[in-house]
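One chain is shown next in structure tokens, namely the form predicted alone.
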């Protein structure tokens, strides 16, 4: 009884207690990471554009509205493509595919990676060994090549592309979360939870997952940029979203390459959109890491 009471006291005293204060966290983030806050607003703008694309785009994304290869003008801000469709409207509508890649694919990869990494790191022993050897096998293949193989097996299209992107994110994500779990499971409050007979699922959910959560947020924000790049690459290669549905990747391919010298505006819209969005996600990920990573906390005021 004395041992149980002692373990309970240790668990109560040793486990970090944090109160969630979103407004205070928002102000702290804005003060310490102004560039990160700017990037967050850019990302919010991309999300709003994707959600309300039908209201923002002046023309239908597949409608022929003017002469082919018409130069940018007040009527067509980024000109028209080789068929006569408005490039600006297609670029705005293409944000939807990137948003889905950033949300759905990253959700699949991060959630699966967290479950595998945390479980593997906490279990240890042969379970951890076997899982990590499988992860090593997946990491040995370049991500884009692995995505191409998966899409070839499952078939082209948006859904299969998102599944493939989510799968290729799992090995890297799981390795990161496993490393954090290996450190956290040595903490005193985890040992105290074991001593009072807490079940493994309870320890994982109540004591380990909350400590890994900041890392999950950081990794997920950085993974969105990777997902957008891979989706654009698959569409560029003809393995992702299929025409006439617009995607920033497939807009850079085909006519974009064929008329690059005579009609550079075909690639200007999607190219700038990809560059700005990926840069914003990368810089937001760095800013979140500086704020949420315990090892960096206190290094900047």
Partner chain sequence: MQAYILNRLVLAVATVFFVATAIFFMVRIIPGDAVFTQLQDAGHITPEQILEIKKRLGLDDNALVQLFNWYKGILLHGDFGISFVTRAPVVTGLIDSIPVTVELVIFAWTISLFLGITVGTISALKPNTPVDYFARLISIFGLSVPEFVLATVIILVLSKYIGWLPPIGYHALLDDPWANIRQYFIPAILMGFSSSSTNMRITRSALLEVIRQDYIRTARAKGLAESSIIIRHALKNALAPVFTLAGTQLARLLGGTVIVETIFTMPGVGTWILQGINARDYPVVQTAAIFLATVMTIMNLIVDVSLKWLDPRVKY
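Since the structure is predicted, the reported quantities are computational estimates derived from the model, not experimental observations. Positions refer to the first chain, counted from 1.
Below, we refer to the form predicted together with the partner chain, which is not included among the displayed structures.
Every residue of the trio 232, 260 and 274 has some heavy atom no more than 4.5 Å from the partner chain in the predicted bound form. Mapping the unseen interface onto this chain, residue 140 counts among the residues with a heavy atom inside 4.5 Å of the partner chain in the predicted bound form.
At a distance threshold of 4.5 angstroms between non-hydrogen atoms, residue 283 is in contact with the partner chain in the predicted bound form. Proximity of residue 50 to the partner chain in the predicted bound form falls outside the 4.5 Å heavy atom cutoff. Of the heavy atoms in residue 107, none are within 4.5 Å of the partner chain in the predicted bound form.
Remark: of stretches 204-212, 111-119, 91-99, 151-159, the one touching the partner chain in the predicted bound form is 151-159 (heavy atom within 4.5 Å). Shown here without the partner chain, the chain has 239, 249, 252, 257, 260, 261, 264, 267 in 239-268 lying with a heavy atom within 4.5 Å of that partner in the predicted bound form.
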